[in-house]
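Shown here is one chain on its own, the form predicted on its own, set out as structure tokens.
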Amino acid sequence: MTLTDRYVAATLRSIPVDKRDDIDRELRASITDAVDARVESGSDPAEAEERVLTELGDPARLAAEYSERPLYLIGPELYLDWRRLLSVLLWIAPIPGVVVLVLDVLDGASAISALGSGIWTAGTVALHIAFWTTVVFAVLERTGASVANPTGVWTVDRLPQVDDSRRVPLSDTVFTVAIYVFLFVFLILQRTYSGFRSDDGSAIAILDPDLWSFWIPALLVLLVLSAVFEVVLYAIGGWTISMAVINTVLSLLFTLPVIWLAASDELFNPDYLVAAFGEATDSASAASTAVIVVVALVAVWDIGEGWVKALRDRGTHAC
């Protein structure tokens, strides 16, 4: 096998199958022409082939050029938005850490243990925020999704405005993601920090422990997906019909199970209700009703806001 054969094989390894034949012919023809030109100038054929292949460079890089595949994680078009959003979202990370630290101290843990738990929690949240934000922008980079500034060139249109109906404000994104982070942390911590303990000293979970068999993990996944959705919404810069549909689906997937669990008295831990309200069933019923009302109102507002903005932006484009 010649150097050219090895070079072409290395290049085609990263090329989609349906494009390999055309690129194989094109690349070999290009190499042959370049080698012939050097040989005609008096170069040794073997030396000419080696120099031509060396000038072509790394086959993986050449394959990326043929495939129009970026060799960077986040390109200049999205980098500034990624950095701006990530730098603000990371300020959310210390909040769960402080909560865990305070709860550990109130629970009687030593200062060193509480501090360690707080730092570990804050670090874990920061890692997740950085990871998922980067994943979203990397996917947008590779899928060619439209963004608020498709040219990547700064213009006066990017100056902040008092009322920008198309651009998703960074503050809205951060606030919404912070809520999802809070709910995520709550679902996990409510098992061990509820303010009440059983006779054997173990913490009484707020939510029914049986929900960990399916519902709570499912809700945790939905919270992560919802946070990722907010990052995507910020990255593309505005509401569309497709984004409104996705937002509706995510909201309903979270809201309907919570309402159903609360309405069927399967949401709260019975032991917690007894510890918190005694035998007052009216208080327990009121807690479930409050959850249903709040969750329903938030869902209606969230879904309605998404559709209003999507339809408004669509109407603006139509004009």
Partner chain sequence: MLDPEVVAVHGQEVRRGSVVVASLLMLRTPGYGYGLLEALADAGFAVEANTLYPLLRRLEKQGLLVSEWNTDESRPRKFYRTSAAGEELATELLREWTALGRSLEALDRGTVPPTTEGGAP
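Please read all numbers here as calculations on a predicted model, not as lab measurements. Numbering follows the first chain given and starts at 1. Superpose the two forms; the largest set of C-alphas matching within 1.5 Å is the rigid core.
Just so it is clear, the following notes concern the form predicted in complex with the partner chain, a form of the same protein that is not shown.
- Although the partner is absent here, Y66 sits close enough that one of its heavy atoms falls within 4.5 Å of the partner chain in the predicted complex.
- Under a 4.5 angstroms non-hydrogen atom cutoff, the partner chain in the predicted complex lacks T289 among its neighbouring residues.
- Shown alone here, L250 lies farther than 4.5 Å from the partner chain in the predicted complex, counting heavy atoms only.
- When contacts are judged by a 4.5 Å heavy atom cut-off, R13 does not count as touching the partner chain in the predicted complex.
- Proximity to the partner chain in the predicted complex, taken as a non-hydrogen atom within 4.5 angstroms, holds for one residue of D33, E50, D265, D44, which is D33.
- Residues of just one listed stretch (25 to 33, 289 to 297, 257 to 265, 270 to 278) have heavy atoms within 4.5 Å of the partner chain in the predicted complex: 25 to 33.
- For the three residues A93, L101 and D107, a heavy atom within 4.5 Å of the partner chain turns up in the predicted complex in no case.
- The two forms, fitted on the rigid core, differ between the shown form and the other one by less than 2 Å at the CA of T289.
- Relative to the superposed rigid core, P257 undergoes a CA displacement smaller than 2 Å between the shown form and the other one.
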